[in-house]
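As structure tokens, one chain now follows by itself in the form predicted alone.
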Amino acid sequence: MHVHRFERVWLVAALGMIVLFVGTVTYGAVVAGYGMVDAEGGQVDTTDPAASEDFREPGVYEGSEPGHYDVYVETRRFAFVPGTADPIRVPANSTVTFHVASVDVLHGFEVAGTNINTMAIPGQKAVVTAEFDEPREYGLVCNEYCGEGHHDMAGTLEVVPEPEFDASTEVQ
């Protein structure tokens, strides 16, 4: 059977692209540490996530280790609680785990300028952890269209110097 030269070129190019795509996904999953969204966060009551067993009232809590904080955030049309009316405040040089739940519709939770980006699905809890080394202000953005006020859904995360962080008033 004779295969024309141009057909061989296109066949090799197509197979090369397939290998490249599979290699890219494998690299992202194994080497770079990117993962798929899973059920790690658990489920919550959509009407009142804080009533669920593994979700607290929205706010900042001290974690199980020194320098670790847990931040519980409810997303709702069209605000982050806390985050929109009151900024989320955490100290610099800390590890922060965000527990995010939606009480109404699908929302996004992105901390602009970081690698924190997750979906808040009604009935589900998303868990994302990041380290904040330097004092800085970050924007919170909903990156999933959630209704007519979506463009106004924004908030603030303030990473403050450690001496300025008063755990007695800022941590619940």
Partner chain sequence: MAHAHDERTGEPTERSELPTDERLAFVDEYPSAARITRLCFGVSFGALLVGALLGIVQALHRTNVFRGVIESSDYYSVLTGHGVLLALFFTIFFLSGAFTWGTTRSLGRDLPNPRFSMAWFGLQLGGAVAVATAIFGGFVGEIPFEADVLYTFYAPLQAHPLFYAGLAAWLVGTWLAGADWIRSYLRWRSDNPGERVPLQTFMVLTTMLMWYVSTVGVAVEVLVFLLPLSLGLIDAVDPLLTRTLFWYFGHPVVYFWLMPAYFAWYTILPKLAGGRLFSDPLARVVFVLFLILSTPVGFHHQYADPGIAEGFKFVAMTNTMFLLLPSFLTAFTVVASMEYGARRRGGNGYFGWMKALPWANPAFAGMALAGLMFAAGGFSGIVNAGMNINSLVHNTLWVPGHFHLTVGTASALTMMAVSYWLYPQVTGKRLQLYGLAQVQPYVWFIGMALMSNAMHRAGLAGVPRRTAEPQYDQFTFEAALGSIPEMRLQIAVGGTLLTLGAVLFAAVMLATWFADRGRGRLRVDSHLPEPVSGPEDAPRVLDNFKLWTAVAVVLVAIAYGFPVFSMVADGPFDPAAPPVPVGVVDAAIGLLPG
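Rigid core here is just the name for the largest C-alpha set that superposes within 1.5 Å across the two forms. Keep in mind that what you see is a predicted model, and the values were worked out from it rather than measured. Residue numbers count along the first chain shown, from 1.
Beyond what is shown, the protein has a form predicted in complex with its partner chain; the following relates to that form.
Residue contact with its partner chain in the model of the complex: V60 places no heavy atom within 4.5 Å of it. Not displayed here, its partner chain is kept clear of V90 by more than 4.5 Å at the level of heavy atoms in the model of the complex. Not displayed here, its partner chain is kept clear of S64 by more than 4.5 Å at the level of heavy atoms in the model of the complex. In the model of the complex, no heavy atom of S52 sits within 4.5 Å of its partner chain. Residues V105, L106, E110, A112, G113, T114, N115, N117, T118, M119, I121, P122, G123, Q124, K125, A126 are the members of 105-127 with a non-hydrogen atom no more than 4.5 angstroms from its partner chain in the model of the complex. Annotation: Cα of G23 displaced by at least 2 Å between the shown form and the other one, core superposition. For L11, the Cα coordinates differ by 2 angstroms or more between the shown form and the other one after the core has been superposed.
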